[in-house]
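In the C-alpha cells that follow, a single protein chain appears in two forms: structure 1, then structure 2.
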Structure 1
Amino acid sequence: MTLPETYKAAVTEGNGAPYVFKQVPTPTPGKGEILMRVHVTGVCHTDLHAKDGDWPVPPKAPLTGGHEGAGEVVAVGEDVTSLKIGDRVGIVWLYSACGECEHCVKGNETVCEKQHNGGYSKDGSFQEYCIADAKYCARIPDGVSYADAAPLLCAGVTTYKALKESEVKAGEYMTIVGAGGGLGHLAVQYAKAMGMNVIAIDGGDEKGALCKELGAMHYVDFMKTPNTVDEVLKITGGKGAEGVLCLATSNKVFNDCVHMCKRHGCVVLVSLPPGDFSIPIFPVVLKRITVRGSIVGTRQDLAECLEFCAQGKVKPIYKTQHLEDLNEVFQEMHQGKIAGRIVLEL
C-alpha cells in the first residue's frame, strides 16, 4: 500500500485556542504500534475539556484530540502479531497501559498509573492517519459500521461500564442526568437493554423526544422543572432511584444526584466539569449511599459494548459532519445543543 507523504490533521495549541487544519508528515509505526487510516471520529465533550485546558493534568501541546476514531490498519510496526493491514480498528481513550502493575494484573487497566490517553497525552483521531498501540486499540466487529462504532469507542464503553459499576439490577430505577447528550443517549439504551427503568434528565424537547424514543420510561426537563430532585422522588414513590448516573457537564448537578439516590443505592460520577462539589455527610452515611467514580472501560468492556451494537440492541444516534467543522461542533457542544453525538468524516 502506498501512503501519502503528508496528510491533513487538526491541531490546537490548547488553553482555548481553536483547531487549525494543516498538512503533517505521515509517521511510521514503531515497535508494537500500528498506523490507521481514520475514516470517521466522534467528538466527545472530553475533547472540549482538553482544548480548553479544563483539567488539573494538562494535555500534550500542540494537541490533536479525538479518541473515538474508527478506521483500518494501513501499516504495522515491529513485533505486531495481533493485527494486520486491512483490520478494522479504533483509537480509544485508554491508548495504552503498562500491563504489569497491580491494577493491570487485577484487570483494572483503566486505572493504570502509566497509561497514555488517546487525544490527550498522545495525538488522537482528529487527523486522517493516526498511530495506535496494537495491544490496546479496539477491534471493530464486521457487523458494525465505522460510523456506528465511533461513538461506542468512548461514550458507549464508558456508560456501559458505569452502569455495571452501579450494581443496579433489572427492574430497578436508573436516573441518568445528561441523558440526551453523547454519553447519555447511549446510557439510556444500555440501561434499557439491562432491564433497568430509566428516568432521563436533560433539557429541551429534542433531547426529550430522543430519550423517550430510545426507551426512557420518564423524561424530566431540567429547563422546565424547578426541582428535578423532587420530580425523581415523585416518580419513585418518594424513595429515590437505586442508581444515579451523572453525565452532565455542570457541577451544580452533582449534589442533586446524591439527593436523587435511594437508600443503599449508588451514584456513579462520570462527567468531568472543572471544580468540586460538597457531599452531605448525614444522608450519605445514614442511607448507606455509595458515591463512585467510573472511568471508561477495559478492552473486555469495549468488546462487550460493541457486541450489543452488533446484535442490534444499541444504536448510536449521530449527525455526520466533516473534520473542518470541528470548531463549530465545539461551539454547539459548549451551548448544550447537541442531541446524541456528532461524527466527523475524514
Structure 2
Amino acid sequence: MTLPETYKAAVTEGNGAPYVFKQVPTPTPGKGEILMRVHVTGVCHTDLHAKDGDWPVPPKAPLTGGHEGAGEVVAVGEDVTSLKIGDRVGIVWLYSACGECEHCVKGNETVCEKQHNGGYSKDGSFQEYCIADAKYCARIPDGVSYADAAPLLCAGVTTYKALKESEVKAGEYMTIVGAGGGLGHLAVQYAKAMGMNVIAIDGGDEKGALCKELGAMHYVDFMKTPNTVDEVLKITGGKGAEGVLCLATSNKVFNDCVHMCKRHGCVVLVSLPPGDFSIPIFPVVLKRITVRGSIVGTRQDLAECLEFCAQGKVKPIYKTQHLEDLNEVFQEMHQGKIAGRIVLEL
C-alpha cells in the first residue's frame, strides 16, 4: 500500500488553545505498533478537558486528541502478529498498559499506573493516520460500520463496564441518572440488553421519549418531579434500585444516588464534575451500600460491548460532521448543545 508523505492532523498547544490543521510527516510504526488510516473519530468530553487542561495530570503538548478513532491497518511494525494490513481497528482511551504490574496481571489494566491514554499522553485520532499499540487496539467486528463503532470505543465501553461493575442481575432494577445524554442513551441500551429493568432519569419530554424508545421501563423527569428519590422508591415498592449509575455532572445528584439505592445495592460513579461531594454515612453503612468508581473498560470489555452492536442490540445515536468542524464541536459541547454523540469524518 502506497502511503502519502504527509497528511492532515489537528493539533492544539493546550491550555484552551484552539485546534489548528497541519500537514505532518507520515510516521513508520515501531516495534509492536501499527499505523491505522482513520476513517472516522468520535469526540468525547474528555477531549475537551484535554484541550483546556482541566485535569490534575496534564496531557502532552502539543497534542492531537481523540480516542474514538475507527479505521483500518495500513502498516505493521516489527513483532506484530495479531494484526495485518486491512484489519478493521480502533484507537481507544487505554492506548497501552505495562502488562506486568499487579493490576494488569489481575485483569484490571485500566488502573495500571504506567498506562498511556489515546489523545492525552499519546497522540490520538484527530488525524488522517495514527500510530497505535497493536496489543491494545479495538478489533471492530464485521457488520459494524466505522461510524457506529466510534462512539462505542469510549462512551460505549465506559457505560457497559460501569453496568458490569454494579453487579446488578437480569430482572433487577438499574437506575440511570443522566439517561438521555451521550453516555446515557448507550447505558439504557446496554442495561436493557443485559436484562435489567431500567429506570431512566433526565430532564424534558424529548429525552423521556428517547429513553422509552431505547428500552427504559420507567422515565423520571427531574424538571417535573419535585423529588426524584421518592419517585424511584415508589417505582421499586419502597426498596430502591439494586444499582444506580450516575452519569450526571451535579455533585448533589451523587448524594441522591445513595438514597435511591436498595439495601446491599451498588452506586457506580462515572461522571467527573469538579470539586468534592458528600456521602451520607448512615445509609451507606446501615444499608451495606457500595459506592464504586468506574472508568472505561478492559480489552475484553471492549470486545463484548462491540459484539452487542454487532448483534443489533445497541445502536449509538450520533450526528456526522467533518474534522474541520472540530473547534465548533467543542464550542457546542461547552454550551451543552450536543444531543447524543458527534462523529467526525476524515
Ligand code: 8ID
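By convention here, residues take numbers in order along the sequence of structure 1, the first being 1. Fair warning: this is a prediction, and the values are worked out from it, not measured in the lab. What we label the rigid core is the largest C-alpha set whose atoms superpose within 1.5 Å from one form to the other.
Task: Form predicted on its own - which displayed structure it is - done: Between the two, the form predicted on its own is shown as structure 2, not structure 1.
Task: Selected hinge residue, from G265, V188, E68, T158, for two rigid parts turning between structure 1 and structure 2 - done: For the motion between structure 1 and structure 2, the hinge residue: T158.
TODO: Name the rotation angle of the smaller rigid part against the larger part between structure 1 and structure 2, given in degrees.
DONE: When the larger parts are aligned, the smaller part is off by a rotation of 11 degrees.
Task: between structure 1 and structure 2, how far the Cα of K239 shifts once the core is aligned, in Å - done: The shift comes out to 4.8 Å.
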